[in-house]
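In the structure tokens that follow, the same protein chain appears in two forms, which are kept apart as structure 1 and structure 2.
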Structure 1
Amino acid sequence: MIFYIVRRLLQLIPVFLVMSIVVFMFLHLVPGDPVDAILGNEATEEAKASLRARLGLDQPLIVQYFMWAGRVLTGDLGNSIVNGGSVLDTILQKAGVTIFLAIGSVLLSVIIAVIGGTIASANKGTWIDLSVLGAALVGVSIPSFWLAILLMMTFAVNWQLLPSIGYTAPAEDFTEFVRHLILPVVTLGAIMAGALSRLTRSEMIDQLSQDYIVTARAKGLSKFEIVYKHALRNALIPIVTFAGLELGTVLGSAIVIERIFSLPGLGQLIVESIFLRDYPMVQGTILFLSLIFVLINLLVDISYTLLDPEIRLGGEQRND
């Protein structure tokens, strides 16, 4: 087991290496001189030279990469071009909103999916099943930002039940914090619930056809007990795994959702930094989010293995 975890950790080294090269290249893919792109053409030569030196652009590319990567390894993501503040500090300051949004929507999606998927599987082939499947298909196909706009239009603009945009810190006013997060969390949760309830349904149908269910039925257990106590418990492992992986995907969708609801999170930070051409901030935030994404995947993988030794063996065989 420890061997497996160590091997998975070692496998991360090339992943991090390639990721850092890609993120590093973001600044260098800028057509022409990135300094011109940042400062505009009217900037004085001194200003350009000073920024060039600050970004290390006067060094050869390979030297620049190693200097940058060395700083990143010590946790220094550089400073904002716009206000000079530390990129990492800004990220940590804004990460809370994104984390609340991500965790909230994953939890909501698991709840929706487990209820929907279980009910569908217990009533397989009926109109209940078909409507859950239909709703799931809609959830998979509609873009999150469209759902966000529709929800905002209905609940915030027309019925004025919830605030449409903005954010309040939980320490400041917890009720307002919840009210501001409801629509974004529901948007992301509902979208994710689509794929997750399809998975729940198929896992449950799989479990319900196993021998132990026949035994349970023969013992005279009620349908409720069979579905919820026996089948659901076994179906939960893949469901929770998938939800864990989705937590990473949410980090991507959160960019758009934060923009719509004006939530001051990491997504908003990336988009604003792109507009301001604050490349260190863009690079730092994308690198940060991607690393989190990778680490979540790793944690999910490891916990999956801890939960189910059969999978561990199968997985190792496949890798070798």
Structure 2
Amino acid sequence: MIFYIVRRLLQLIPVFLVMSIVVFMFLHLVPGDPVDAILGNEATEEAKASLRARLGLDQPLIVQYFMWAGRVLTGDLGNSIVNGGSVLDTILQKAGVTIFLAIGSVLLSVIIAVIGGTIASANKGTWIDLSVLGAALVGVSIPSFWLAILLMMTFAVNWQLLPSIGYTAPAEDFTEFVRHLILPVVTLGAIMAGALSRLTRSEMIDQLSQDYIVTARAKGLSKFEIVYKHALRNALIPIVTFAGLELGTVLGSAIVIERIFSLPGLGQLIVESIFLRDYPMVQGTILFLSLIFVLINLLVDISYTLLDPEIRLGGEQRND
């Protein structure tokens, strides 16, 4: 397994190389000048030229890229063009909010999907099954921003049970921290649960039709043991894979949700940095999110061996 992990980590090098080039080049093709965003349109050309030279923006794009990539290799993501602060320090300060949001949303979606999909598969063709499928279809169809506004209007404005915007650090007040994250987590979790519950139902129906289930029934095992002890365990691998990919998707969806609920996370940081043409901040944040996404996929691969000991990663063979 160690060899497999090392090999996968080495495979990340060309992935990040290509991604860094794409992010850097496309970001610089976006209309607008960061110097104008900093100094304003009324600044003199001399002042603009001086700031552009100080920031290295007067160099050709290829030169700017290699200067930036060289710093990245040493762990230095550069400094913000707007405020001069460290990009890495800013990302680490904001990352906690997005990570809490992503993990909470995925956990909620997995709980809803596994319970709902399993119950639906065990009652295939009944009104229970149709109800779960209907709810899943609604969850898949609803836009995240619309559901966010609906939940905000219902629970924050009309019933005044939860705060609509803002964030409280868990170290300051854990209760308020949870209350501020409930609506964003439910928004993302409910939508992801729709697709995941359909996958769970499909995988469970497939497992329940296998020969080993017929054997288990012949042995007199209870329906609960057959469904939850045998079928669900074998259906978990595709479910875990999908959940891992969804966790990466949440990191991207957080841009919209954090904007709506005014959460000071990485999504909010990217939006603000794009408006300010803060190239180093946008590039560093996107690379950081990309790293997390790839590492999540690696952890998903490793989790296969925990769910099914018969699986050996990287083509390893069993020595029985």
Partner chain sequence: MTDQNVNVSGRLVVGRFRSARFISGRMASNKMLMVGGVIVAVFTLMAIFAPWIAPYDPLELHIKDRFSPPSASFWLGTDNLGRDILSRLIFGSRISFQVGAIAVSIAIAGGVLIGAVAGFVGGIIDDILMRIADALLAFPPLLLALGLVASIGPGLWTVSLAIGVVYIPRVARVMRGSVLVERKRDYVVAARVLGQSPWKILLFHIGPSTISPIIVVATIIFALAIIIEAALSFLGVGLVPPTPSWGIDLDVARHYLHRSIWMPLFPGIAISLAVLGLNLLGDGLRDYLDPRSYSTNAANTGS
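Here, a residue number simply tells you its place in the sequence of structure 1, counted from 1. A quick note: this is a predicted structure, and the numbers were derived from the prediction, not measured. C-alpha atoms forming the largest set that superposes within 1.5 Å between two forms make up the rigid core.
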*Mark the structure, either 1 or 2, that is the form predicted on its own.*
2
*Taking the rigid core as the reference frame, is the Cα of residue 34 displaced by 2 Å or more between structure 1 and structure 2?*
yes
*Taking the rigid core as the frame, does residue 50 move its C-alpha by 2 Å or more between structure 1 and structure 2?*
yes
*Please say whether, between structure 1 and structure 2, the C-alpha of residue 262 moves by 2 Å or more once the core is aligned.*
no
*Look at the Cα of residue 7 between structure 1 and structure 2 with the rigid core superposed and state its shift in Å.*
4.0
